[in-house]
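What follows is a single chain, given as structure tokens, in the form predicted on its own.
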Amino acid sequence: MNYAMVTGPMGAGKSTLIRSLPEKGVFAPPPDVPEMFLDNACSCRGLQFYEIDEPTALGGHWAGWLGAANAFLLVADAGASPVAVGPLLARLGSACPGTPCLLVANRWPGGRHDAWQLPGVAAVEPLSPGTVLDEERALAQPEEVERILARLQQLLEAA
């Protein structure tokens, strides 16, 4: 079973990405990892997705959950500087060297995304603004979520 940790700065769109998955099943915690409260978790297409926000991922108590990940989905707000995810990216790389990281640049306005190809990032996928449900919730476009899932699967197969 593969585990994908979805993380990133507060408000970057982590919950939107998980909420937008095409099918959601019951999350199965990884073996030998202490159970802790997760912000958001589900299964989709044989992958177990769990969300951990940036402050929590930077803390020491969640090291088991970082280590349980077979891949990281680092969600960043495309309107921010790529430097904003530097500390989190460094933490993921030092805690879990060799674990592939797919950076999702959320709210992508269009154009090139070379600036987001940072050390430790295996691939970058842009995610355009999706459908707004209300003041606090949105959904990503299904075709973009499919593209991200396909890229994540490629990274997992290559690892």
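Worth saying up front: this structure is predicted, and the values here are computed from it rather than measured. In case it trips you up, residue 1 is the first one in the sequence shown, and so on.
The protein also exists as the form predicted together with a small molecule; that form is not presented, and the subsequent description refers to it.
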{"query": "Close approach of G67 to the small molecule in the predicted bound form, 4.5 Å, heavy atom", "finding": "no"}
{"query": "Heavy atom of A150 within 4.5 Å of the small molecule in the predicted bound form", "finding": "no"}
{"query": "Contact test in the predicted bound form: V132 vs the small molecule, heavy atoms, 4.5 Å", "finding": "yes"}
{"query": "4.5 angstroms heavy atom contact with the small molecule in the predicted bound form for T56", "finding": "no"}
{"query": "Selected contact from R91, R107, H113, R45, since only one has a non-hydrogen atom within 4.5 angstroms of the small molecule in the predicted bound form", "finding": "R107"}
{"query": "Candidate spot T16, S128 and E136, all three touching the small molecule in the predicted bound form (heavy atom, 4.5 Å)", "finding": "yes"}
